[in-house]
Structures are given as structure tokens and as C-alpha cells.
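Here are two versions of the same chain, shown separately as C-alpha cells and labelled structure 1 and structure 2.
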Structure 1
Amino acid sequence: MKKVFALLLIIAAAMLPVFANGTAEGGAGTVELVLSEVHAEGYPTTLADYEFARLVNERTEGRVNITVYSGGTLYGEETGSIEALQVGDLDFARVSASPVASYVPALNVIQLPYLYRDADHMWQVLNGPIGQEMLDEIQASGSGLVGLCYYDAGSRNFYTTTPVQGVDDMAGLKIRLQNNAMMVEMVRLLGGNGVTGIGPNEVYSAISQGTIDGAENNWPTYESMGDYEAAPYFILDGHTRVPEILLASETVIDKVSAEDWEIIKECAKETQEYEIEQWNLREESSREKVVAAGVTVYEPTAEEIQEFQDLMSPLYATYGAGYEDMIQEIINTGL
């Protein structure tokens, strides 16, 4: 009897690491993966990152564990995280589609200025065949990246240290932009000078130090990064709607089983709706917060917006070349 008990103990001890690792695969261990996020805790995309990590852990029954690093602690500039994904130094990054277009140029098509009438229009496109085609293009282009899903980031608007109430006021202004040549060209067409290489967490100090005269973003980033305190003039020109993208490094495919890779892709898609809900809440509360703090919001007239829009048509010719039919299809979506 004693012998049997001792034997059972030995077997139990041998099994221990298997259970401790939460894996049934002979103690091979949990696959530990890392996700980088530039936004702070509580920001809609950060909340979605955690939800993604939670779902993946639950559905893989602990075989895959994703640790989220928020606030740009790993990579403050999204270009840095994209390049880390490409060489397999990083597993996931939630980034804006804008810097990704430097590596996958086709992505510029879905972020051309004044492309979407509103958020609903954008979501009809992104959740339809064009959106999927563009996500697939990220991997197909040989970038070493995999596009998992899109998130909402509202519309982007200029904010400055001096009032801008129309295109003329943009003349000579140094505007911080994401790392994307099309966006630099956009500001040049408006008469300003685009400045890149400044991470979103550094915009506040760059404005405060006078290195730049302003930047452009959505309400939540403007509020969350504190930029509204340095550049209190916000013009609702809505020049772009740039979706966020949850990216994986292609090297993750070799780190997890085929089954778990499918689970990862499925979980990412499932978090989209959650992010949009969080987005809508935050867009409203951020706007209220900056307005209460005394920001001057200028709402351009339809004619003033038209002036911005007209100046951007060369971008359609340059960055939309070869995608004319797709652009037309996007414009017709929902009409």
C-alpha cells in the first residue's frame, strides 16, 4: 500500500510542472508573448489590448499568455514597434494605420483625406471585403507583419498654439505628424510644414518648447496626452479617419500551434466591437474635458471644409494610383 502511495506521489510530482504551466502538452510551457501600446491605461485601445490578452488566455486554456505594455514604455514611436515586429523582437503592437503605410503603401488608400463621410461609412468599408483585403495585404506584402483587426480612432483634426480658422491660417505652421509621407504631403498642400519623428508621447513637450506649432489628432489623444494644455486651438476640420490596427509579428505563427494561431486571430476580431464602444464613450468625455478646460474649438463652415478638401485631391492621384476602382467603391459604399 505504502509503495503504491509513494508511486502516486512521484507521478503527481512529475505532473506538477505540467499543471503549473497550465498546459497539457507534456510541460512544454506557456508561450509568453508581448504587446506594445503607446496609449495610457484606460485608453480605449489599451482596454481592447487587455481584452484581447484575456480572451486569448481563456480560449487557449492558458497555453498562450500576452503581457500588455502600455504608455509607450517599450516603444514610444510606433515605427519602432513596427520594426521590432518585423524582426521578431516584439509579438504584437496596437498601432495606427498611418505609420504602417510606410511599410505597406496600399494602406494609404483607406486613410486618404476626406474619404469617409462618417464613422458608419468607414466601418461599412472596413468590415466589408475592402477592409479584409487591406488587412490581408499587410501579410501578403511580405512586410513580416500580420494585420489582425481594426479599431476606431475617430477623425483627426489640427490643433495649434495660434488660432486656425481656415486653410490660410495654416501657412508656415510646423505641424507634428505620424511617420507617413502622404500626411507630410497633405500638410505641405495646406501650406504648412509637416514634422515627423516625434512620438505621440513627446508632442506636448515639443509644442511647449516651441519646436512645433501644433499637431493633429482625435479628441481622446489630444486630451490624454495633455496636448490641449500646450496647443489650445482646435479646428474640427476632420481631415482624416485613420483606423487603428492590431498587428502581430509573422514570427508568432511559429511560436504557437496552428490551433492557437487561429484562436489568436479570432479573439482579435472579437475585440473590435468592444473597442468601438469604449471609443464612443471616451471621444465624448475627452471632448467635454478639454472644452471645460477652456480649449477654443473652431467649427469650420461647409465652404471652409471644402477648401481643405479641394487642396487634397493631388493625394488621390499619387497615393490612390492603381486603386481608382477601389476608391470609387469606397465612396459608393452605403450610398
Structure 2
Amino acid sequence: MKKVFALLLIIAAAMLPVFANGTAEGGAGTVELVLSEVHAEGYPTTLADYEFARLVNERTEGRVNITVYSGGTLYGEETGSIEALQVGDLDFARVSASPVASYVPALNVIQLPYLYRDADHMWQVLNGPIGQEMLDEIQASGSGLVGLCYYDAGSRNFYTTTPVQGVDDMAGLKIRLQNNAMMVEMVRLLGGNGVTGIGPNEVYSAISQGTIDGAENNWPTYESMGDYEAAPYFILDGHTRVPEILLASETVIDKVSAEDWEIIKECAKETQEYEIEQWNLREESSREKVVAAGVTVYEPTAEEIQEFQDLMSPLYATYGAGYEDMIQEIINTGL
């Protein structure tokens, strides 16, 4: 049913016949495009999607109109949106960098555990030569995708049923993870056991039933899913910072004029700062809510974080193979 619904929405969006030069029949002069978002209304990335659509419509003087579909109503999970972009059934999608790494392996590098010192460090990397190189490689990969800009998704941290204040406290803990081999290896190296196959909506019950001892995610997810009620200990280890990416289908280039394509790219870049602002507001409100509810937050010292980081050497050797120079460049950025 979801696929049928998605098809109907796409057909509806395509009711205006559009010529390749970006003009529509009947003199309307508007190219109708569609953007897919898995997050709900009001989420930081969704707000940025709408801002992107607004800017594009304004800057093109109405020649390009982008309709945003939130909550995964079009293609469900992000992989479905990526596949639709590749064949031209979808025009834009906001997705995590993680699934895009299937087409651009170098993107795995910017997701390595304990790679960034803080958010400022990550943004210096993403908005610098390395980050732009990654976006350029998305289009050069032949995947049919175009990387427009990065959005923030915060840092991912562990939350558990018992206090964790250092590596020793991770021993034997069963931690729910995304289905990602690198993350499973990360938890193994820390002495815990990574558990996959549990959906985000199932984490609370899995913790409550003792199936797992905790999970890992960002502040908004920890709060909005109610996981803080079952796992009231949160350690700010910031093990990964996986950015979001606003993608376009290469077919969009042929749907709009060269001038409007440049405007689209510029507008995407401009929305990054807006999204970061929205993310910071949401992150702070989520943190305030769970702290008020009695959650214990532990902020590790630099020495304690170094202990976590030191254990990642085997993982870096495996997943960073061939990108050693880039990893070192990232580490040195901002020093």
C-alpha cells in the first residue's frame, strides 16, 4: 500500500507537463519537484527542507516549486528514497550519510568512532576541502545522486540502565545498535555486545524487558522515543557524529534551467546554518526535558574519552584502510 500511495503522490506531482528547459505548458512556467523526508513535521531536518523549498521558490521567482513530504510517507526508510532518486522517480531527499556510503566508501571515514573532538571540529571538516570532496564524489560515483549540503544530526551517545562513566563500565553490556558492522565492532572493542535487529520503536520495550541493557542515539531521539524512562543513565561520549545529507537526483539537472540549478545548489548550502540552529534548539530542549525527569548525565573527562578512543585502533585499521592520510588530515583540522 505504501508503494502504491507513493506512486499516486508522484503522479499527482507530475500532472503539470514540464519541458526540459524548465517551462510548463499553459504558460505556468513552474517546474514541480518533490522532496522526501523520513522525519516528522517540526523535526530540525524537516524544517530545513521547508526552508530550502521556500528559498528555491523565492529565488527562482516561482519557476521552481518543491513540495516536501515528511514522515516517510513516500518511500518509508531512507534507502527507498535513495533508490527512487537514482531512477528519477524522486527529485530530492534528506538522508543520513550512512546509507550513501554504499556508493561513496570514503564517506565511511567521516563516521569513524571518536574521530571528532566536538561539533565545531566536525563542521570545520565538512565545510572544508574534505567535506566538499565527499559531496563531489557522490555525483562522480555514477550513482545518479548529487550531494547538495550537510545537515546536523548531533552526536550519538550511550544510554543504559546502569551508570557508565568509563570503558570498564561497558563490560558485558548488551547495547542496541543500528545494523552496522562498524558499530558492532566498536561496542565489542569497548567490552560490550552489540545487538541489532531491534527497531527504534522497540528499544523502550527491549530495555524494559531486559533484552538489552541500553542503546545509543542523540538527545532528541532519546527523549522523543521515551527511552530515557527505561535507561536513565546517559554518558556524553559522543562516539559518532554522522551528518545528514540533502541529495538531489541527477535528473533534476535536466528538468530545470542551468541558472535555476545553480540557484538550487546555493539555496541548499544556505539552509545548513538554519538547520544547525534548529538542531541546537531541539537538542537543548530534549536535554532539559530528560534531566528534569531525573536522568543522570555523565560528561567524561578528556582522559576518559581518550581511553575509549585508544581502543578503536583495530577498527580504524579495518575501516580506514586506504584513507589513512585523510583520517590524519581530519584529526589535524583546527589544531
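Here, residue number means position along structure 1's sequence, counting from 1. If you superpose the two forms and keep the largest set of C-alpha atoms that fall within 1.5 Å, you have the rigid core. The structure presented is a predicted model; accordingly, all values stated were derived computationally and were not measured.
Student: Form predicted in complex with beta-D-glucopyranuronic acid, is that 1 or 2?
Tutor: That would be structure 1.
Student: After fitting the rigid core, is the C-alpha of Gly62 off by 2 Å or more between structures 1 and 2?
Tutor: No, shifts by less than 2 Å.
Student: On a rigid core superposition, would Trp279 pass a 2 Å threshold for CA movement between structures 1 and 2?
Tutor: It does not reach a 2 Å shift.
Student: Core-aligned, does Gly142 move its Cα 2 Å or more between structures 1 and 2?
Tutor: Not so; Gly142 is displaced by less than 2 Å.
Student: With the core fitted, just quote the Cα shift at Gly199 between structures 1 and 2, in angstrom to one decimal.
Tutor: For Gly199, the alpha-carbon shift amounts to 7.3 Å.
Student: Rigid core superposed, I'd like the Cα shift of Pro314 between structures 1 and 2 in Å.
Tutor: C-alpha displacement of Pro314 between structures 1 and 2: 3.2 Å.
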